[in-house]
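A lone chain, given as C-alpha cells: the form predicted alone.
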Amino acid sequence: MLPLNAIIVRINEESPSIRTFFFDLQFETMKPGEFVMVWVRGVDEVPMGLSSKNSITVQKVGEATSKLFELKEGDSFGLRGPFGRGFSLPSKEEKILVIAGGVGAAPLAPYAEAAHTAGSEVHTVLGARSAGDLIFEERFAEAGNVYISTDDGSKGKKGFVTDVLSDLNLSVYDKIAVCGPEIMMASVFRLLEDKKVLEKSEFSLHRYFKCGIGVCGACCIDKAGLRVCKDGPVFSGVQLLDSELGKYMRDASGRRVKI
C-alpha cells in the first residue's frame, strides 16, 4: 500500500510538547483507536493514533516526531491506513468510563464523542503531569463528566489517574477504555483486576512497528504472540493477563527494553 500524500492544513499546539496536525484527507470509515503509518520523509515511518478523521496528535519524543514538529502549514507527509483494531463502540445506551493519560487522550477523544453520540453516558478520567499538559479536556467535557488528576496538583486531584479511580464505583460501568503511558496503564490494569472489572476493559498498546499490517511480526507481544498492529492496538484486559504489559517492550532489533 503506497502512502497517500497528506498536506497539513492546520496545526494546533495542545501543550508544549504535543501538537495536532490536521490534513487535507478524510478517513471517513475511521474507528476510534485505529492508527495510521506516518511517513516522515527522509527520516522514518511511524505509527500514530488518529485523533479525528483528519488529524493526528503527536508528542515530540524522538527523531521522527521532532522532524514533524519542524513542518508548517502547507508542508506534507505520507499516510498509510487506517489500520488495526479500535475500541469497541457501545451498541446500546451504556455507561462508559474513559481513562486517558497524556497523549493517550488522542485516540480516546473520538471514542468518547462516538459513545456520547450513540446515547451512552460517558465519564472521563483525564490525567497529565500538570494543567498545561492536559489535552482535549473540552472535547471530553462535551461528551460527559470529566475527572482530572495532575501529578503536581495544578488542576484537579493531585496524584495519578488511579487515585481518582479509587474513589469511583467501577462496577457501574459497562465498558472501560484506557490509553496512556504504559506505566500508567499497568497501574490501571492492576487496579481493575483487583476490583474484578478487568473483563469490561480495553487497553491501547504502543509498540515498535515495521510494516503496520501484520506481516513482519516485529510488534508481537509475549506470551500470546498477538500482533499489536493487526490484532490490536486495542486489546481486552483479559487478553493482556500474564503479558508483557508494564514490564518491557522491544526495540527495532527485537531486543527487550525495560519499561
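All figures in this text were calculated on a predicted structure; none of them were measured in a lab. Note that residue numbering follows the sequence shown and begins at 1.
Another form, the form predicted in complex with a small molecule, is not on view; read the next lines as being about it.
- The candidate spot formed by 59, 206 and 233 lies fully in contact with the small molecule in the model of the complex, as each residue has a heavy atom within 4.5 Å of it.
- Within this chain, residue 218 is remote from the site of the small molecule in the model of the complex, having no heavy atom within 4.5 Å.
- Under a 4.5 angstroms non-hydrogen atom cutoff, the small molecule in the model of the complex has residue 106 among its neighbouring residues.
- Taking non-hydrogen atoms only, residue 65 approaches the small molecule to within 4.5 angstroms in the model of the complex.
- The small molecule is not drawn, but in the model of the complex it has a heavy atom within 4.5 Å of residue 49.
- With the small molecule omitted here, the record of contacts in the model of the complex names 49-57 of 193-201, 49-57, 210-218, 22-30, defined by a heavy atom within 4.5 Å.
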